[in-house]
Every structure is written in C-alpha cells, then in structure tokens.
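Starting off, we have a lone chain in the form predicted on its own, written out as structure tokens.
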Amino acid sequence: MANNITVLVGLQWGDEGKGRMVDYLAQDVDIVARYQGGNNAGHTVVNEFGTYKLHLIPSGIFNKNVINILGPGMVIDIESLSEELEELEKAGISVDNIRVSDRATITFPFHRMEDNLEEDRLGGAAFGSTRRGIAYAYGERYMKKSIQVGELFYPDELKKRIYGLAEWKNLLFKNIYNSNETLDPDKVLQWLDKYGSKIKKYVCDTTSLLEESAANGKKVLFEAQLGSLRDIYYGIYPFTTSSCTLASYAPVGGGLFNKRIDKVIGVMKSFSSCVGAGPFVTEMPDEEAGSLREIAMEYGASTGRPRRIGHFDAVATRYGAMVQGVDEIALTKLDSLSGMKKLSICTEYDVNGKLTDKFGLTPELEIAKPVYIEMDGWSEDITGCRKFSELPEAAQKYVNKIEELVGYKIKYVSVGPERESLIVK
C-alpha cells in the first residue's frame, strides 16, 4: 500500500527537530502542508542552501518541485509572512510554489499588543508567551471575530468588519487594561493593504488543491508546529499553545478529507528541552544544563530564548507518542550527547511518594519528582556515522533503551543538523 499521506509531528514540548526531518522527507513528496500554529515557533533547516529559520513557511520550500501550503488551521501574521518571503527570495530560494489558504485567519499587530498587555499584567505568573499574539488570534477565531485571509479580496466587507473590531478592541484596552492604547481602524486597513498586496497572489482554496492532488496519487506531508505536550487539549494546560498539534487534527487544519492518513512520524530529541513556563519534571540544574545548551544550540528559533534543558523523559515522551498515534520515530541530536560520561533516563514519576508511569494533569506534574535509570555515555564524535552499527556501543544501547521505554519503533537517528547527517535504522 502506498504511503501517500504522512503527518510529521513533535512528541515532546516542541523544538524536537521537525524542520530538519521535513526538509529530509520533502525530497520525496509533492506537497508539504502546515496545518496549525503561527509565527510563534520556528523550524531550523540546514542544507546545501545554508541555515534557515522558518516561522510560517513549510520546511519543504527548499525543494523547488514541492508545493508548500499554509493551511486553514493556521493563524498568519501577513507582515511576518511577507518578510519571510522576501528573505527567502533574497537568498535565491524560489517562493513560487507557496499557497496560502483563504480560510486561514490573520494575526494582527493588535493581537501582539494584547499579548504584551496580558503577559505584563500577569507579571511573575505569566505563561511565557512568545508575545506574537497567537492566543488572541485563535481566541477570536472561536469568538467568531477573526478575519480570514480570503477576506482581503472583499474590501467593502472587510472595512465594515475592521471598524466593528476596532470599536470592540478599544473598549477592551480602556476598560480591562486601563491602557491609553487605541486602535485606529484606518491604520489597520492600511496595514492590511500594505501586506495583503504582497501575499494575495499566493492565496487560494487550498482544500480543492489538496483534494485534487491526493485523488491523483500525489504524496502529501503534513507538518506540525510545536509538540504533543504543548497541545491545547492534551498538553500541559494552560502552559500550551493555542492550537491542536496532534496528527489527528491534520486533515482539519490542513484541509484534506477524502484520504486517510497512511503514516504518522513522530520526532523526539535524545534529551528534553522546553521553552516557556510550565511543569518540566526532568529539568537539570542550570550549571549542568548550560554546557549541553551550548553544545546543542538550544535557543528558540523564533525568539532566541534559551531553552530549559532536562534529561530524557520516557514518561512524557511515551504519552506524547501515544496521543499522536505514531507509526515510527525520528530521534534527533544524538550527537549533542557525545562526551557525557553518564546519561539519565526518567522511567517513572514519584508523586507524593507513589510511583507512576502515567503522564498526569499539570497540578500533578508540578509536584512530580523524576525516577531515573543511569546509562553509560560515550566520548566519540558520531557526526560521521551513517549506519546504526557504526555508533559506539553505548550510543546504540542508549537508543535501544529509549525505544524500549517509549514503546514505538525508532526508524531515524539524527547525528547532525545537515540533511544527510541521518541514520536510517
């Protein structure tokens, strides 16, 4: 049976290395479609063109034969998108094959403003938002106040809607936040006109495009942003993103209904990392985390924030793989662990003296203590390995132990950021 419809997802807190895997897998597909999220996280891709940090544009952009879709489940900051398009064009990367769903909704500067006002109001209790306005863009979608990208083609209707939005926002700024900020609807319309004119040519009914392509046997790869544990439904709520990061949401957020998903590939890191607030059971003390953070370049692709670093958490990752329904796993950044004498893997949590292998709700995770097994590390440089048998014995044992604990097959092992630095196990 052909594996024509694949979804690539993160199994942990995000930042697992999905961009490098999409770039690798995109050499053999016809369409890459992002199905959720906005420009609040980035995918770092290293290939023959250089190193790129993508925020909205799918990581299949480096294969000129691939159509890259920004799906209806996304919230799109059209200013950020036009900047990203310009950067790629300047670097000589063709953006002709980008398609933006007319049903995706727009993230506005006033969403960023609200994000800042709320994070500032919360102070020490802030969620650690990227301050890109994503929660507000998604919140308004559910409040039925969002503007769809396709509305750029209906200027009279758009004007009425923006005037109504501005009236509501000004009441909010004044009465909730006691802010002197006011929203001028004409300035919002100017912003829409300026950036809308730059992206209009990419906008279309992407569902018709996907349905037709899939019916003709084309290969589609759905690309997720962030990971299982940041999912709005199944993640460490409320310290989550504002969209569904799960593979089962791909047909909705991507817009493909008459074909089943054939394969789900989950990406997990060989240790744990996490950006933003929320429970993180295996977090290392900073003096220990610092060196690994530097070796592995663990800084947010969108914000540059240093990531929190932890030991591999088999409890969290097994749960992450389960909610994604993965068929196979890609393990990334194994090379970053070279030189560590001992490696710890969390196999259970101690919650008030009771041992559990279940990943619970946030109040339980906040008090959970990790229970570790220890494994030998290795000192060899493994970046040149291209077969599993070429890895040091300790590295092979570490990978096999993680595979056993997580309970799903590891098919790919990444030993470097470049496209070819990959072992197919």
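None of the values given here were measured: they were computed from a predicted structure. Residue indices: 1-based, along the sequence shown.
Just so you know, the form predicted in complex with a small molecule exists too; it's not on screen, but the next bit is about it.
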Q) Among 242, 336, 347, 207, which has at least one heavy atom within 4.5 Å of the small molecule in the model of the complex? A) 336
Q. Only one of 44, 396, 47, 63 has a non-hydrogen atom within 4.5 angstroms of the small molecule in the model of the complex; which is it?
A. 44
Q.
Does the small molecule, in the model of the complex, lie within 4.5 angstroms of each residue among 36, 75 and 200, using heavy atoms as the measure?
A. no
Q.
Check residue 414 for me: does it contact the small molecule in the model of the complex (non-hydrogen atoms, 4.5 angstroms)?
A. yes
Q. Is residue 332 close enough to the small molecule in the model of the complex to count, meaning some heavy atom within 4.5 Å?
A. yes
**Q.** in the model of the complex, residue 307 touching the small molecule (heavy atom, 4.5 Å)
**A.** yes
Q.
Can you tell me which of 365-373, 36-44, 387-395, 63-71 lies within 4.5 Å of the small molecule in the model of the complex, counting heavy atoms only?
A. 36-44
